[in-house]
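As a starting point, one isolated chain is supplied in structure tokens, in the form predicted on its own.
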Amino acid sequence: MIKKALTKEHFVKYILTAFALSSLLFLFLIFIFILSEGIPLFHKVGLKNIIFGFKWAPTKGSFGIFPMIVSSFLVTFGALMVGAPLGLSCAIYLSEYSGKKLKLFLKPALELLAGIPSVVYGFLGVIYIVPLVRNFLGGPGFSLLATSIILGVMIFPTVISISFDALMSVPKTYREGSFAMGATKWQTIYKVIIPSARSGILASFILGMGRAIGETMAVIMVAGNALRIPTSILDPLRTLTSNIALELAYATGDHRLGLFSTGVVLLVIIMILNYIATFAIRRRVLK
């Protein structure tokens, strides 16, 4: 009987291990597929000409994606400027000021933002944000500013959830010790709790950046898709993800390979951001 139970236990263990490793297998296959499709063009055209090239005209042999790389980072930075302060403020309120009943209602409600399809955010951006930007600030409305606002709202759940967990993981003795020294509530939060949770807060910002730089549909709808580096927050732009989504359907030959090369660059950027976030979270756990 005992032997039979152990055999069943080992069988379940192996099945669960296989399921766990399957996710790594899928990730590896995706990575290999994108590399195998994108690397040939790097050899043919040159890494420098693709990454630092300013002209994207695949039918004419120009595959420069530098304006799109810069635009992707500008949009991500703008989203962080919008979403990070507001998300961290919400996390601070939830962890330090809200009551238990209010917390049980607010946290799930805020996290529901992550379940809203990106096309809905893009639609709201086209209907409300773009006209506001155009009427009050000028320009076409489809711009870096409008895109940053939409993506800033979209990274809310990531920033709030991870920052909240980081703030709640700070031991209560830190708060009690600060109050015992005569510090006010805000002084305790600003001088003690936030510095103690800085690794987790930083990780939430970096993961939010990863979400923003990888977003596609909402960006296509509000960015304007201009193939140049924006010199103003009111200028239209095109990101790496938008470029792939807009042209892949009809791309052939080197044009198609160029889009896969764009995907390789995007994949490397997101992997670097995720690695930095993982390192920051690991530092917090070790501390």
Partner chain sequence: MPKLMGTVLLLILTLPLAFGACSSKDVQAKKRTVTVAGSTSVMPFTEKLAEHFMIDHRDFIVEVQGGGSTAGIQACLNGTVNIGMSSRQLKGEENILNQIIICYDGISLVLNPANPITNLSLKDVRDIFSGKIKNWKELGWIDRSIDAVTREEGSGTRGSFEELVMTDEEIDDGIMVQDSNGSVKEVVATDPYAIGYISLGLVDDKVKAVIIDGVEPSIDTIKLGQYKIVRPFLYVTREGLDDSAREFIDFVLSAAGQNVLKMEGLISVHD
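Remember, it's a predicted structure, so these values are computed and weren't measured experimentally. Numbering follows the first chain given and starts at 1.
Separately, the form predicted together with the partner chain exists; it is not shown, and the next lines address it.
- The partner chain in the predicted bound form is not approached by Gly53, whose heavy atoms all lie more than 4.5 angstroms from it.
- Heavy atoms of Arg134 reach within 4.5 Å of the partner chain in the predicted bound form, making it an interface residue.
- Under a 4.5 angstroms non-hydrogen atom cutoff, the partner chain in the predicted bound form lacks Ile39 among its neighbouring residues.
- Although the partner is absent from this view, Pro230 stays clear of the partner chain in the predicted bound form, with no non-hydrogen atom inside 4.5 angstroms.
- Comparing 72 to 80, 165 to 173, 138 to 146, 195 to 203 against the partner chain in the predicted bound form, the single stretch with non-hydrogen atoms within 4.5 angstroms of it is 138 to 146.
- Residues are counted as partner-facing when one of their heavy atoms sits within 4.5 Å of the partner chain in the predicted bound form; in 59 to 77 these are Thr59, Lys60, in sequence order.
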